[in-house]
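Just one chain is shown here, as structure tokens, and it is the form predicted alone.
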Amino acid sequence: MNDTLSNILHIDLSRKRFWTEDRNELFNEMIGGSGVAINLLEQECPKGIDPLAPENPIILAVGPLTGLYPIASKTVAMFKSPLTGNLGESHCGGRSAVAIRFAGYGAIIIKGASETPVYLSIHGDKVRFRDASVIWNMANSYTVGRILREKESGSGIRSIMRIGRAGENQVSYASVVTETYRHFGRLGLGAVFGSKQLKALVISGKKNIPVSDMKGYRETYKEIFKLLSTAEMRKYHELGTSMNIIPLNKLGALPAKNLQTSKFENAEAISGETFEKNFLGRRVSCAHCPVACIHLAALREAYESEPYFYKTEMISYDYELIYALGSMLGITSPQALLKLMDEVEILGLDAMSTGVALAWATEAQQKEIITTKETNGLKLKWNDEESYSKAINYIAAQVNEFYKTLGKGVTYASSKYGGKEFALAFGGNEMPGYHTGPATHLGFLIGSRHSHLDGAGYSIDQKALAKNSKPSATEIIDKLIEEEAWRQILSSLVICFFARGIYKPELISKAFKPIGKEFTEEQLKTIGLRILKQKYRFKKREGFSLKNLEIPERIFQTETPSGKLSKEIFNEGLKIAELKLTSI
């Protein structure tokens, strides 16, 4: 029985053509996921290309453990980001990874642009280019999903990826919604879909995955499953990442009101504990994952025209959404916060970039940098859910020049209107929800995706705080690079980072053996460094330089748990990072 992981499906939207290529050597060398995707991006993406040009490829890649072991459930998307103008990488769970694997592919490359709206229907070897004219101007991503579920076959192992109005209008931080509650959220994959007039991708299949040692496979599977049932993983099931709100607020590390403060007086009202007690409707899981960390709130509201009749919306929430659309905007009501989350979901926007963009716009209006003339009549102010809801719709619809500018991110918006000192973006990507200390912000700056998921700097800060120590710039950079290099292996296996404490080198080597592959711990670490080096090579090719990074002044003004940050450690850290990342 042949493993189809090495099959790459090429799709040309311009010519409505597709073909399959076997790249066994690439998957053997680079494992899968991020490792394969960065290689394909280097090969397929022309140097200096406009991210919204037809030639910008969309790479979707999965890994060798997908469909075999629990929680190997992510799909890696790689592309040139319209938000940063550089490396775009986003991970998504749901059923996307197993659907791609069971369809018989390890990666999919989508290039070109259709002359008319289209969606892709991929069911195993059958690839169809379907007319999407009817659903193209359909703003609600929920509705698009329902229509495609009814129209397309393959339920159960089928994945439906689609964009909303924001993607159609090529907002630079538009997302791709998958299975309603999962997303390719960051860095603007939705805008790339929109530029290609690609409304959706539906994929399913029934291919088998070969196992050479069934007994060894069963034993390893049981071991992993048991480890995933421990208390360490149970916390993700019970409260999920929303458990971070209260502890970070107590630490003084929760960004609020555009990081004017690192404590939010109403944190408890929008905490994970409050959502669990008053709103939790159910927990769901990505395919082949026993943890079920996806928390859905049930928001019950009366219809405006029929006050005696109620509707219930199921809305996904987690820490990053609560931070970006909650504390950053001063929202104190959980109901109001859920409505904003729902609006972002419907329109297909990245919640983090949207929240940070609106926080910048609110402060800019307070400082009279912008007026109601720019905001289309809105008076943005903290804790005003109604105005923020309208602004979210204005961003997605691109109603005027200001919202078109804001739709390109706060780095771009502040370059046009001013307010750079409080425009919270790192390398062009809006700030995640951690103000724990120097490591977290250095991690945002030097990370290949400028994300908290790169080097987990917040963890370095919190450990230092617990030990009452102050690591040097060299120690911080070393730890950040070491962690990010190892995460390249996890994302090449497409392991959910929640399981990073379980899928350690020894267990990964053990998991490979029943499928006929051998990797030592040393080999894995070498491959991880090689993947990280390739990402930086691509970034430098596209004009990225650590020397040119701009650090928002606001992060030096607002207290962290260990006091105010010094510019010296950042200047030193960036110099050290430049040397180390160049010499990997």
Partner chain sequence: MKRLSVVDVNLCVGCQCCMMACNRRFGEGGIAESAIQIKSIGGVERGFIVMVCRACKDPPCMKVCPTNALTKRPGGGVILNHSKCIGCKRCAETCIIDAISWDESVEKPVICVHCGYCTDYCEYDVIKMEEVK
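Note that the structure is predicted; figures quoted are calculated from it, not measured. Positions refer to the first chain, counted from 1.
Although it is not shown, the form predicted in complex with the partner chain is what the next lines describe.
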{"query": "G272, Q335 and G433 all contacting the partner chain in the predicted bound form, non-hydrogen atom within 4.5 Å", "finding": "no"}
{"query": "In the predicted bound form, M243 touching the partner chain (heavy atom, 4.5 Å)", "finding": "no"}
{"query": "Close approach of H288 to the partner chain in the predicted bound form, 4.5 Å, heavy atom", "finding": "yes"}
{"query": "4.5 angstroms heavy atom contact with the partner chain in the predicted bound form for V134", "finding": "no"}
{"query": "R149: touches the partner chain in the predicted bound form, heavy atom cutoff 4.5 angstroms", "finding": "yes"}
{"query": "Option touching the partner chain, based on a heavy atom within 4.5 Å in the predicted bound form, out of L378, L507, L280, M314", "finding": "M314"}
{"query": "P57, G528, G67, P552 - the one with a heavy atom within 4.5 Å of the partner chain in the predicted bound form", "finding": "G67"}
{"query": "The partner chain in the predicted bound form: contacting segment from 489 to 497, 387 to 395, 214 to 222, 408 to 416, heavy atom within 4.5 Å", "finding": "214 to 222"}
{"query": "Stretch 96 to 131: residues contacting the partner chain in the predicted bound form, 4.5 Å heavy atom cut-off", "finding": "V98, F102"}
